[in-house]
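To begin, one chain is listed below as structure tokens, in the form predicted alone.
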Amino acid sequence: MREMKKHKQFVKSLKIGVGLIALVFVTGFMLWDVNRSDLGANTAGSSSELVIGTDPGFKPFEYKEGSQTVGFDIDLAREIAMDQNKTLRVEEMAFDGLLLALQSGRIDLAVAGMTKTPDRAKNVDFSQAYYSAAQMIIVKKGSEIRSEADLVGKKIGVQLGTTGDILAHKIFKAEVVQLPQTASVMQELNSGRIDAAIMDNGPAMQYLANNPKLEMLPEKLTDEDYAIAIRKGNKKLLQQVNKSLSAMKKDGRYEKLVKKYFGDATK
């Protein structure tokens, strides 16, 4: 009888244990599902919103004007959203976190003066090019640095995760200083804590307008194209973005934006 009683108690305990495990599992799943639903309400794919990720430290493409994020890329994305009868929502983040945010579904598009490169194209899809750019060397006026060859062994400032960052790491014996934004790179150059900077020509020209002690060398380090990054395999959105870009170039909206931010329509 004692052994039978122990057996019954064991079976009862086992049932309770299994029940508790099931309850924990179901509760955990419900919480996960709720969190996933909440995330979905704030992420890409909404029928009424187009969510873009950008890093607003790259004037004139994306920058802060008061509390608002504005710029060429923002206006371009707004036109794309309007073509889809959606409103635009801008998510600000560090440039080197954009592709991860895109892959995780936090954003629909990464619109941030991003160069299409073979390495990036392994993980995301890119739209057609919308702007031609180049990597340039910025130095203090009177600097002994006059070309890429003079950068050997020098201290070079770059924005983290950019093509300028990649280029600088290929220069023999260079000390590369990675900073979160181009404005920070310019501050380091002005202060003399770095010997030179490598950055995109568009933002460089904007900063040079207010920094008379700096200059951009004439040598182009690259010729590259900016494109909009889209989650891999999202063919429908890729087609919509390309359709909008083509339409804007035909109907004058693109030229209008170029004139607004660059003063000409040469790009």
Ligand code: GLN
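Position 1 is the first residue in the sequence shown; the rest follow in order. On a predicted model such as this, the values are computed, not experimentally measured, just so you know.
There is also a form predicted together with the named molecule; it is not shown, and the following applies to it.
At a distance threshold of 4.5 angstroms between non-hydrogen atoms, F95 is in contact with the named molecule in the predicted bound form.
Though the partner is left out of this view, G113 does reach within 4.5 Å of the named molecule in the predicted bound form, counting heavy atoms only.
Although the partner is absent from this view, Y226 contacts the named molecule in the predicted bound form, with a non-hydrogen atom inside 4.5 angstroms.
At least one heavy atom of T163 is located within 4.5 Å of the named molecule in the predicted bound form. Relative to the named molecule in the predicted bound form, residues F72, S127 and K256 are all farther than 4.5 Å at every heavy atom. Residue heavy atoms within 4.5 Å of the named molecule in the predicted bound form occur in exactly one stretch of 139-147, 113-121, 169-177, 186-194, and that stretch is 113-121. Shown here without the named molecule, the chain has only D200 in 174-203 lying with a heavy atom within 4.5 Å of that partner in the predicted bound form.
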